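Shown below, as structure tokens, is a lone chain in the form predicted alone; questions about how it binds or moves come after it.
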Amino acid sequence: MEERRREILAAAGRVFARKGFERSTTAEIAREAGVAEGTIFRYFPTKRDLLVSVVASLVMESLPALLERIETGTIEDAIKDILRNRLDLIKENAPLLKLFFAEALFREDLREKFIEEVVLRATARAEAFYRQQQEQGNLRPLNPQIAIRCLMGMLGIFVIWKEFLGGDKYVRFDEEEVLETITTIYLDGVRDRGR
């Protein structure tokens, strides 16, 4: 059953990215997945639930392995790995994510479902990591909810610049330098400590 659910999610992601949310039908998604249309509704009550589930699976599936992997390295490596993972995920799925956020801007129910099922769950994991690092003396005792959103916000600006605004034609940034700079600013701040 889990494999069938994943096949439906993958097919829905492809159809939504190709045709947009409104023009996509569950019949097309079913054909793409190689299942009967009724099968989709066994897993997802509505097309909106399906769209949120597609995005949720993209965001959430890689998190446990990522958080497990970063527990063994330095805090600098952990932050860079988190940023790299999220950046790669966004780049690989940019058309679908653009579609989703365009829909979420105008659909409160979609936005609320996304916040509850994706954002709060993902940030809770990241906040737990932050608390663990605080306990180990690696990070200052700041509010983890704010600290994690600050980190994601720094990356978010570069994602918006490149993927949503097409800003690379004006100013192009080297991704590795961006990740290194965000990590440095996040962990050390921008104040010159020698002054």
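What you are looking at is a predicted structure, and each value in this text was computed from that prediction instead of being measured. Numbering starts at 1 and runs along the sequence shown. Throughout, rigid core stands for the largest set of C-alpha atoms superposing within 1.5 Å between the two forms.
The form predicted together with a further copy of the same chain is left out here; the points below concern that form.
Q: Residue-level contact is defined here as any heavy atom of the residue lying within 4.5 Å of a further copy of the same chain in the predicted bound form; does Lys98 satisfy this criterion?
A: Lys98: yes, in contact with a further copy of the same chain in the predicted bound form.
Q: If you check in the predicted bound form, is Ala17 within 4.5 Å of a further copy of the same chain, heavy atoms only?
A: Contact check for Ala17: yes, within 4.5 Å of a further copy of the same chain in the predicted bound form.
Q: Using heavy atoms and a 4.5 Å limit, would one call Glu116 a contact residue for a further copy of the same chain in the predicted bound form?
A: Yes, Glu116 is a contact residue.
Q: Using the partner position in the predicted bound form, report whether Leu9 sits within 4.5 Å of a further copy of the same chain, counting heavy atoms only.
A: Although a further copy of the same chain is absent here, Leu9 would stay clear of it in the predicted bound form, with no heavy atoms inside 4.5 Å.
Q: Given that a further copy of the same chain is left out here, which of Gly38, Pro141, Gly34, Pro45 has a heavy atom within 4.5 Å of it in the predicted bound form?
A: So the residue touching a further copy of the same chain in the predicted bound form, by this definition, is Pro141.
Q: Who in 117 to 156 is close to a further copy of the same chain in the predicted bound form, meaning a heavy atom within 4.5 Å?
A: Heavy-atom contacts within 4.5 Å come from Val119, Leu120, Tyr130, Gly137, Asn138, Leu139, Arg140, Pro141, Leu142, Asn143, Gln145, Ile146, Ala147, Arg149, Cys150, Met152, Gly153, Met154.
Q: Quick check: Val178 between this form and the one not shown - does its CA shift reach 2 Å or more after fitting the rigid core?
A: Comparing forms between this form and the one not shown, the Val178 CA shifts below 2 Å.
Q: Is it true that Ile146 shifts between this form and the one not shown by 2 Å or more at the Cα, once the core is aligned?
A: The answer is no; the displacement is under 2 Å.
Q: After superposition on the rigid core, does the Cα atom of Arg31 shift by at least 2 Å between this form and the one not shown?
A: Moves: yes, 2 Å or greater.
Q: Once you account for a change of 3 Å or more, let me know if Ala12 and Leu89 sit closer or farther in the predicted bound form, using their C-alpha atoms.
A: So the answer is farther.
Q: Hey, the CA atoms of Gly166 and Glu22 end up closer or farther in the predicted bound form than in the shown form, with the change being 3 Å or more?
A: Relative to this form, closer in the predicted bound form.
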